[in-house]
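Only one chain is given next, in structure tokens, and it is the form predicted alone.
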């Protein structure tokens, strides 16, 4: 009846939960609520400055101000970034997870190699690919010239820089998605494959009708992580192009307006709310669609 004792000891678990709860309120929930409130004001990053309610003016400025053209390009880039990263990253991760799940020799080594970019961090990954894609002495440019007689500017190219950032994003986080798929693949009962083999199913039929439905929950998790991560990405852009060469996204705009723009905090707060609502819509739609394909076993 009293697993933690009587008297004051009964409240010890509640006190232990109170500390992380307060940390969550102070550092996560509280700032989120303030961001929504700030989006309806003209608050400035100046201590003691007056704060006035401006209604939806900040949201109007996001879409229809003098810089609205750049905002719409950022929104378009964000959507392109999200779609390409989500599809390609999960497709490649699933393919590699299926290969590793075949019990290849050295499979633990392959897992470590593909997961290593996640451990390195954004700064190290950006430095590595900055040297690889160096327009003057980078090995990738030398390879391009040797194979195609062509040189690229990579992160300094108005036409290709955004594509290379997408590639780096996929390269960095593909290993994380692979591990989630691999855990789902290893949880599929082997007797289902044996029963399918007896019935004469091909490998593709086994994957389509046995494997994929049973790892749909892993697919749902990876889809959500990819959508949220891609639409929140600004660090790789900051470390590679600093938003130049048509590589700005909504997350980068929030960072720039907050820390490098004017002292106004209302506009970046409104942009943050718009970004959150876009992520929420895509997540709800993705979860609703993916849940239909999940199978209990």
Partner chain sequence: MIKRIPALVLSGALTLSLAACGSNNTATEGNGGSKPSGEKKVVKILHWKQGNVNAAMEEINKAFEAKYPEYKVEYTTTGPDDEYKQAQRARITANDVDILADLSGMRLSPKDWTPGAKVPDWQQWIDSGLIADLSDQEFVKKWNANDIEKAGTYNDKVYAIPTGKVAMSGLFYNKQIFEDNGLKVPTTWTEFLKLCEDLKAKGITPIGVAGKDVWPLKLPVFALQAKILGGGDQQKWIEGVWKGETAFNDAEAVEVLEKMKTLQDNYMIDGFMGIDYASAPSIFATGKVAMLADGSWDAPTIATANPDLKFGYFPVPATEDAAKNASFVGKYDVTWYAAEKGPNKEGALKWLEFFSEPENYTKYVKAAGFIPTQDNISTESEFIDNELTPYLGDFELAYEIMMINRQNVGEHLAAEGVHTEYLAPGGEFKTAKELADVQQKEWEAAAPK
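Here, rigid core means the biggest group of C-alpha atoms that superpose within 1.5 Å across both forms. All values reported here derive from a predicted model rather than from experimental measurement. Positions refer to the first chain, counted from 1.
Omitted from view is the form predicted together with the partner chain, to which the following refers.
Q: Contact check in the model of the complex: 142, 148 and 201 versus the partner chain, with a cutoff of 4.5 Å between any heavy atoms. Do all three pass?
A: No, none of the three is in contact.
Q: Mind telling me which stretch in 69-77, 89-97, 117-125, 203-211 gets its heavy atoms within 4.5 Å of the partner chain in the model of the complex?
A: Of the options given, it is 69-77.
Q: Would residue 104 sit within 4.5 Å of the partner chain in the model of the complex, counting heavy atoms only?
A: So residue 104 does not count as contacting the partner chain.
Q: Can you check whether residue 38 is within 4.5 Å of the partner chain in the model of the complex, heavy atom basis?
A: Within the cut-off, so yes.
Q: Does residue 109 reach the partner chain in the model of the complex, with heavy atoms at most 4.5 Å apart?
A: Flag for residue 109 set to no.
Q: Considering only heavy atoms, tell me if residue 29 and the partner chain come within 4.5 Å of each other in the model of the complex.
A: Although the partner chain is absent here, residue 29 would touch it in the model of the complex, with heavy atoms inside 4.5 Å.
Q: Superposed on the rigid core, does the Cα of residue 53 end up 2 angstroms or more away between this form and the one not shown?
A: After core superposition, the C-alpha of residue 53 moves less than 2 Å between this form and the one not shown.
Q: Is residue 276 one of the residues whose C-alpha moves 2 Å or more between this form and the one not shown after the core fit?
A: Residue 276 C-alpha, core-superposed: shift of less than 2 Å.
Q: Rigid core aligned, does the Cα position of residue 23 differ by 2 Å or more between this form and the one not shown?
A: After core superposition, the displacement of the residue 23 C-alpha between this form and the one not shown reaches the 2 Å mark, so yes.
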